[in-house]
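First, one chain by itself: the form predicted alone, in structure tokens.
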Amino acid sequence: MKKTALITGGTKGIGKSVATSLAKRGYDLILTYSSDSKIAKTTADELKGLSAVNVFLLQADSTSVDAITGIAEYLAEKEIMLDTVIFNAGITCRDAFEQITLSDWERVFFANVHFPVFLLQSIVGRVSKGGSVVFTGSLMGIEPHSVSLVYGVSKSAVHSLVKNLVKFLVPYDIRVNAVAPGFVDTEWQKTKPTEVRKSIESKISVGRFSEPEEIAEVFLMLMDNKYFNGEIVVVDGGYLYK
């Protein structure tokens, strides 16, 4: 019987790697993206080429309440049931502490915390019993983040959210976990100046950034192992070992 996964922010980076892994397993996919329709279409075409799967694209701005309604209505109209939900979409704000505004703070929290909470609330009845929800957390929700205060604090909230959601999802027979990656070699990280990358790599015991595929493997582990529930699995290569 074919399975279906919803992945927010599923057309780039970690989300795309998880989508690729699930496509290889034969999952039908519903992938949301924020604005880059060209990259989204390219990703969908690549995934369809891997296996005989259906890939549906939904433009959904994770900073907008309307996106929550849009996704929920789409699933209802198509009568889609989900086996897995991956909450991967997220944003940051890298303004200095002295310059960050209340609207910037609220925007990051909406995308990283409020959006998945209320989207899950609206679609939880469409997640099959025995299903799995996995959030993308972050090492920066555990280690102090010198670049973005609001990102680090919002990801800490995501980790707490996962722990607390366990109780509320028991009646639905749904497990919930999170992966907290360290530095991953996504498109965004590849733009870092060489000296910055080398400085980060010097603090990682394995001496390099993670490949997105390595992070995707942990998502699959959390989906597959039925005893994982309420866990935040850190995957950082031994960051700050020095």
Ligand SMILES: NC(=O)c1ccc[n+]([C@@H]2O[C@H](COP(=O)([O-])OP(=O)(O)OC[C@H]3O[C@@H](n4cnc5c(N)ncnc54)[C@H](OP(=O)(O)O)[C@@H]3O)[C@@H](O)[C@H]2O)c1
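The model shown is predicted, which means the values in this text are computed figures rather than measured ones. From 1 onward, residues are counted along the sequence shown.
Omitted from view is the form predicted in complex with the named molecule, to which the following refers.
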item	value
Candidate stretches 22 to 30, 62 to 70, 49 to 57, 170 to 178, one within 4.5 Å of the named molecule in the predicted bound form by heavy atom	62 to 70
Heavy atom within 4.5 Å of the named molecule in the predicted bound form - residue from Thr194, Ser35, Thr42, Ser205	Ser35
Proximity of Pro116 to the named molecule in the predicted bound form, heavy atoms at 4.5 Å	no
Gly152 within 4.5 Å of the named molecule in the predicted bound form, heavy atoms	no
Non-hydrogen atom contact Ile14 with the named molecule in the predicted bound form at 4.5 angstroms	yes
The named molecule contact in the predicted bound form: Val133, any heavy atom under 4.5 Å	no
Residues in 74 to 90 close to the named molecule in the predicted bound form, defined by a heavy atom within 4.5 Å, in order	Asn88, Ala89, Gly90
